[in-house]
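Taking the form predicted alone, here's one chain by itself in structure tokens.
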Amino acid sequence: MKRPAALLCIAGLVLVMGVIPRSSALPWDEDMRNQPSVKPQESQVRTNASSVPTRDKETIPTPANIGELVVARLTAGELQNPVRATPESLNMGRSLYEVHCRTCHGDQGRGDGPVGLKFVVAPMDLTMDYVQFQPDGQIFFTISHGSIAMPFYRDSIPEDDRWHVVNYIKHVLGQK
């Protein structure tokens, strides 16, 4: 006798849940689905008027295509590194490199990091003369705006810190 009552109760719940719209029954379970989503490497994040602005001293605009990227990278070679390659700068550069660069470029900067090994085209070997002979501004630009296969890090690494990474690439990785 208890079994038909339980079945009747379950049938009643199913009927009620089918009649009540899902959004009014459990409004909180849609919150995660109905929110703005920003991918980590998106270039522009829309903010509202009450957002706290970040400092942005960069004067080089973001390239719109590969041709502009190449021209802008060459032009960026004229930028002077405002951060001296002191032991403090090199230590800061090492820390930032380990967080942001090592997974692709590897411990020694040779393009053999655990993630980099999965790419069809290996990440750049940062110890090569091609990289080491580039002006600091050109390496800074590549970190800031990315390259053909490399994502940009201008939103992930503050401007001054990118110069520390440049110092580390040129004065530590370049000496190995």
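Note that the coordinates shown come from a computational prediction; the quantities given were computed from them, not determined experimentally. Quick note: we count residues from 1 along the sequence shown, nothing fancier.
Another form exists, predicted in complex with a small molecule; not displayed. Remarks below refer to it.
Within 4.5 Å of some heavy atom of the small molecule in the model of the complex lies at least one heavy atom of Cys104. None of the heavy atoms of Arg94 is located within 4.5 Å of the small molecule in the model of the complex. In the model of the complex, at least one heavy atom of Phe119 sits within 4.5 Å of the small molecule. At least one heavy atom of Ile148 is located within 4.5 Å of the small molecule in the model of the complex. Here the marked residues Ile139, Thr142 and Tyr153 all reach the small molecule in the model of the complex, each with a heavy atom within 4.5 angstroms.
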